[in-house]
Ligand SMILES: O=C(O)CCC(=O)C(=O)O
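Okay, so here's just one chain, in structure tokens, the form predicted alone.
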């Protein structure tokens, strides 16, 4: 059971500026990190009507573990157009990556994990909830996280021979939760490589009213905002990015996710997500992978979160290859 109730902002108020400098390591847990991070977003200006029925599945079949493995072990063939789009924009959304039965099976399991993992008080008090490293103790989630279908595709998007797991993360944006601030993941994952991709797997359909991901394009958009100073106290960083993207006429791509549709985004791709204006939780399994051989950066910061939990027994500057970072591709027996 996750025991974190207090928000990090209350713990930070009693400290001086030196103690809470952004370059200092994060000292709280990952849930506290998310509680802090979502406070840095500007309010959503879009008003979208509430959608009551957003998780309607036509099929309610729960797959056996054997059936699920067969699907998740079937590799996906990328075409040249998809690879080029990703190289230019740093993200791609792919429909029908998983069958409706596989997503329904994932949905039921994640719902069970969430009920078990959070108290009624946490569900009531928090607007954004997070659970990580679930794959270590749950065979079904492990199949999704270590899936050759995902890992091979990521290796091809990055153009690398081998990829490792950084971590899995169950992300629950509760009804009424506001925006996720504009950001890219370079500083969140303390890895000395630009070959990092997150697979964002919704556990149900996500209409625009529920806050799907929004991507800025092209990938080089990050260069326009790389000199903006990050502020750990308020939403000024997010507001400045919004202004610059608007002034520079940066294109953004936002839209609903169908059941079975997932996205892949590069660590340099700036992205955000809207408010959840529905009466249902927005539930996503997000898994992050990186090129085998990457090292931990020499100076992880508070933005890197609880990284030692994800890469244990590894010092800054060392190769990130702990027992919790298995090679997900290539796998023996697959072509």
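Numbering follows the first chain given and starts at 1. All of these numbers come straight from a predicted model, not from anything done at the bench.
Same protein, other form: the form predicted together with this ligand, not shown, and the subject of what follows.
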Q.
Heavy atoms within 4.5 Å of this ligand in the model of the complex: which stretch in 232-240, 249-257, 173-181, 112-120 meets that?
A. 173-181
Q | Contact residue in the model of the complex, chosen from 291, 286, 40, 63 - any heavy atom within 4.5 Å of this ligand | A | 286
Q | Partner-contacting position among 158, 102, 92, 213 - heavy atom within 4.5 Å of this ligand in the model of the complex | A | 213
Q: Although this ligand is absent from this view, report whether residue 198 comes within 4.5 Å of it in the model of the complex, heavy atoms only.
A: yes
Q) Do residue 86 and this ligand come within 4.5 Å of each other in the model of the complex, heavy atoms counted? A) no
Q: Give a yes or no for residue 132: in the model of the complex, does one of its heavy atoms lie within 4.5 Å of a heavy atom belonging to this ligand?
A: no
Q: Give a yes or no for residue 264: in the model of the complex, does one of its heavy atoms lie within 4.5 Å of a heavy atom belonging to this ligand?
A: no
Q: Can you tell me which bits of 220-244 touch this ligand in the model of the complex, meaning any heavy atom within 4.5 Å?
A: none
